[in-house]
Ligand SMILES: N[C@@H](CCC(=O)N[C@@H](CS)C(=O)NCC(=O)O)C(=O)O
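Given next, in structure tokens, is a single chain: the form predicted alone.
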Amino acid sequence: MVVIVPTNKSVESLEGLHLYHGAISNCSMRVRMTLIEKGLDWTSHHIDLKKKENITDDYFGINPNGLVPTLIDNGVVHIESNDIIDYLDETYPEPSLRAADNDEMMEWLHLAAAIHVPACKPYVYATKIAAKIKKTAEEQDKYDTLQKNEELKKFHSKHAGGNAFSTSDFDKAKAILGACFTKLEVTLEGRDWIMGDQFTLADISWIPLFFVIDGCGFSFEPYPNIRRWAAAFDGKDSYQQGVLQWCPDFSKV
């Protein structure tokens, strides 16, 4: 669980659940889905990433990485989406989204988190997003001043000022994604959900990755089990309301 003491003290007085999130953010999608699956009431604070609404002193004062999502639960600030959904399931246990084999389920959450910066972000930015959220020189200076996370600064420097990601960066990202989705394909053989018959946080963690990466043109033709698994989400309210309502078609973003 990642809990932050914010420098923007205004959020510490918030009562109930408040979510700062982005429509097109796959990390935000999984938290929205979890809140809906839990039937929890929450207040939405939408951050338009294409308008760079996250690059402000106020928002960095809430989330020191300037990322979405951020969950506020009665004034306590939580960041990192996979930690947030784990926290929500522990804190609001009904209905449970936890697998009988909790260790294996958590491995899937940890894997999704581990590939975010080295694979997901480069692939999404290189194929679709970088050109659409290009920063002005002033915005870049503001970001560089606010951002203290060196990994994120290094990542964003690769597309700053109209620069493009290198072929090696893209190929590395694609290879990591291919290996992970191959693991998921094998796991789903003979299973309805990642952990078997039960729908869990593992599924919530991975369906936004599929949705976004598929929307960026990654071919899932070699992955029939993943395509079958993904199609099953069409019948889930949490997917309709937590993903499609906010981002009907990522390929058109």
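It should be emphasised that the depicted structure is a prediction, and the values quoted were computed from it without experimental measurement. The numbering used is simple: start at 1 and walk along the sequence shown.
There is another form of this protein, the form predicted together with the ligand, and it is not shown here; the text below is about that form.
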Problem - Within 4.5 Å of the ligand in the predicted bound form, all of 119, 174 and 213 (non-hydrogen atom) - result: no
Problem - Stretch in contact in the predicted bound form with the ligand, which is absent here, among 239 to 247, 18 to 26, 5 to 13, 225 to 233 (heavy atoms within 4.5 Å) - result: 18 to 26
Exercise for the section: Find out whether any non-hydrogen atom of residue 67 is located within 4.5 angstroms of the ligand in the predicted bound form, and reply yes or no. Expected result: yes
Problem - Contact of residue 184 with the ligand in the predicted bound form (heavy atom, 4.5 Å) - result: no
Practice task
Although the ligand is absent from this view, report whether residue 169 comes within 4.5 Å of it in the predicted bound form, heavy atoms only.
Solution key: no
Exercise for the section: Report yes if any heavy atom of residue 125 sits within 4.5 Å of a heavy atom of the ligand in the predicted bound form; otherwise report no. Expected result: yes
Practice task
Report the residue, out of 49, 36, 194, 62, that has at least one non-hydrogen atom within 4.5 angstroms of the ligand in the predicted bound form.
Solution key: 49
Practice task
Just give me the residues of 137 to 157, first to last, that have a heavy atom within 4.5 Å of the ligand in the predicted bound form.
Solution key: 143, 156
